[in-house]
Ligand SMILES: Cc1cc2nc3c(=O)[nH]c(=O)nc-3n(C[C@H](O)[C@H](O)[C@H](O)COP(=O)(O)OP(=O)(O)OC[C@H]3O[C@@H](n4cnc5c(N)ncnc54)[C@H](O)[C@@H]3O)c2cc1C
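What follows is a single chain, given as structure tokens, in the form predicted alone.
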């Protein structure tokens, strides 16, 4: 884990209230793996002391850059959106445990809204390793489906479902995944982010379709290094004997869906 600074290369609005931030930071870019995150601080304000956690949308070691896809939610992200190329940001990372991809076969990615953000790096890495990638994205309306054109570069198929526009009948992504698997396509692993309902829905599908599913948990973090213990989640204890508490920042953010106590 590195405590360092990076320089903004590009700041681009991708939807109303959503931005793609490119940061030059070769040390983190050379070490990070898909599924990990960084703690970022892009402001000098007395009322904003702590950094914020952000997943890595793309990891570009050759360019020495990181990309972060984020939504403006409060004061911190509003300050981020005002930053311009050349501005410096403070970074801690790469943090957490990333994903482990199968050696061969296929994976599926299920992202709801901004939950698509950490899945792009997984798609890019999987495609580079020769794995087949199937991507499922959903949002309230079409303009909030994030990264679908980027995902299309690395996916055999990108399937979109929306609520307001009723694209794909507003169906759950787990149902659309089941449709794909019923065609005779098999996947070895599934990764999801952005919806606890989606993650819960994958639990019974694992035995039915023979894949292993993982969720990238999203939690509020104060430190991101395991000191504050503010991001704990409940995990089923081995052997079915109650629950244990694990820190998303250190033990996650990637967890098997059937180990999380929903």
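Numbering follows the first chain given and starts at 1. A quick note: this is a predicted structure, and the numbers were derived from the prediction, not measured.
Keep in mind that the form predicted together with the ligand is missing from the display, and what follows is about it.
Residues placing heavy atoms within 4.5 Å of the ligand in the model of the complex fall in a single listed stretch, namely 217-225, out of 58-66, 22-30, 201-209, 217-225. Using a 4.5 angstroms threshold between heavy atoms, residue 126 stays clear of the ligand in the model of the complex. Looking at residue 77, you'd find a heavy atom of it within 4.5 angstroms of the ligand in the model of the complex. Shown alone here, residue 153 lies farther than 4.5 Å from the ligand in the model of the complex, counting heavy atoms only. Of the heavy atoms in residue 120, none are within 4.5 Å of the ligand in the model of the complex. This chain is drawn without the ligand; in the model of the complex, the residue among 133, 114, 91, 190 with a heavy atom within 4.5 Å of it is 114. None of 157, 140, 73, 104 but one reaches within 4.5 angstroms of the ligand in the model of the complex through a heavy atom, and that residue is 73. Taking the ligand as it sits in the model of the complex, the stretch 24-62 comes within 4.5 angstroms of it through a non-hydrogen atom at 37, 52, 53, 54, 55.
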